[in-house]
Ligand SMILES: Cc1cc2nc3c(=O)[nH]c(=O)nc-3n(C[C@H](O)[C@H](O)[C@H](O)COP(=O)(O)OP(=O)(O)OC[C@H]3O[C@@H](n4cnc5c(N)ncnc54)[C@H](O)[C@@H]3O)c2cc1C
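Only one chain is included here, represented as structure tokens and corresponding to the form predicted alone.
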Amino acid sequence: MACRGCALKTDLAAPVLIVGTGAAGYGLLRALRRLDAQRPVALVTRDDGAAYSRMQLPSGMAEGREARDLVIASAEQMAHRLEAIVRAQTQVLHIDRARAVAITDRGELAYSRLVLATGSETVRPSGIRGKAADRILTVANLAEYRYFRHQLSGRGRVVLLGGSLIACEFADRLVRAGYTVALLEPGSRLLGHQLPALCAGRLTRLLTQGGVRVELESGIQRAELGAEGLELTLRSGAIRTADVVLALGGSQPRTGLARDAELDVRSGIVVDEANRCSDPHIFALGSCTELAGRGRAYAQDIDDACAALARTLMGGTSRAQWRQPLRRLELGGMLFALCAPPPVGGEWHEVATASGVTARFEDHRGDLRGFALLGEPAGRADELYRRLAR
């Protein structure tokens, strides 16, 4: 795909090269342009480079929106608006750190500073046997969303694997759109360790009342092609038939390029508070990274990191601060707010009423470290967020 400015000019200084055009990649480009309209910046992506919000994928399903309807701007439009080079449909194969060059399937790209914004990928369920095991889909990007919608066309039965927050949201939105939905969670409660028992139980009941078939301690052993669709054998031995199976059990940082370049990688690409990797000329942003052992996949983390890194790349000194993420959404017509606690010792305290559930996580000193609010109490989310111990 040709984009404005895609042909690199040898007489220009090597640009800041950003690998990835998701929220982190384009977010950094916008932050850079707020500080400097002239600095050479190039982005490279293996997809079409369209700008869109992944947060809109579940609601897009409920509203029957095509993938093209979710696009904010094409790669060409982003290149034009923000005066950058955008190389779409280009795969980075290797980083030659000694020469400061990214080797792609379309040639070499020199860089003055390299930023990895490679994002994350859905964790696919393991151990599922059968000839239709490869028919299990994921929806981690716009191309997968487009294919998922195509597979759903004229069909109505959907099985979702995993009880993550995004799985609950997809289940709720698909039921609203008229589909028959079963949600299979291998653990004993939805959202696993992020929710205490009472709140998780109320969330399960809420989805069930909305029409979602929630099956806890359940999963798929086999997937075969049957006469009426995908024939699924569950762990219990029960048989379910579905038209589409979607894996939503969580995501993991995409770190292959960083590992190949021998950068420091643990669960994510390790960065410091300046978003710098173990190579001083390479930085990383977004859900592919970790800072002090914590992932950084949420929008507010990415926004803060983009602003801080832009200042650093312009020669300043700025450090991104980790902020505890606060997620809000509507499930079954009821508001839900979740601020998952960090990995510290403590316990949950829950109060349930007819109007909802308030769950507070307090550490051993009695300080508030996280909370989950369902129903009417969700209106207090901002108040509790301000009271969190930092």
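The first residue of the sequence shown is number 1, and the count goes up from there. In this text the structure is predicted, and so the values were computed from the model without any measurement.
Although it is not shown, the form predicted together with this ligand is what the next lines describe.
Between the options 91, 236, 188, 267, the residue in contact with this ligand in the model of the complex by a heavy atom within 4.5 angstroms is 91.
With the partner removed from view, the residue among 55, 35, 344, 351 that has a non-hydrogen atom within 4.5 Å of this ligand in the model of the complex turns out to be 55. For the three residues 139, 170 and 254, a heavy atom within 4.5 Å of this ligand turns up in the model of the complex in every case. Residue contact check for residue 120: one or more of its heavy atoms lie within 4.5 Å of this ligand in the model of the complex. Although the partner is absent here, residue 362 is not a contact residue: none of its heavy atoms lies within 4.5 angstroms of this ligand in the model of the complex. Although the partner is absent from this view, residue 163 stays clear of this ligand in the model of the complex, with no non-hydrogen atom inside 4.5 angstroms.
In the model of the complex, at least one heavy atom of residue 45 sits within 4.5 Å of this ligand. Judged by heavy atoms within 4.5 Å of this ligand in the model of the complex, the contact stretch among the candidates 275-283, 111-119, 178-186, 77-85 is 111-119. In the model of the complex, 19, 20, 21, 22, 23, 24, 25, 44, 45, 46, 47 are the residues of 19-47 with at least one heavy atom within 4.5 Å of this ligand, listed from first to last.
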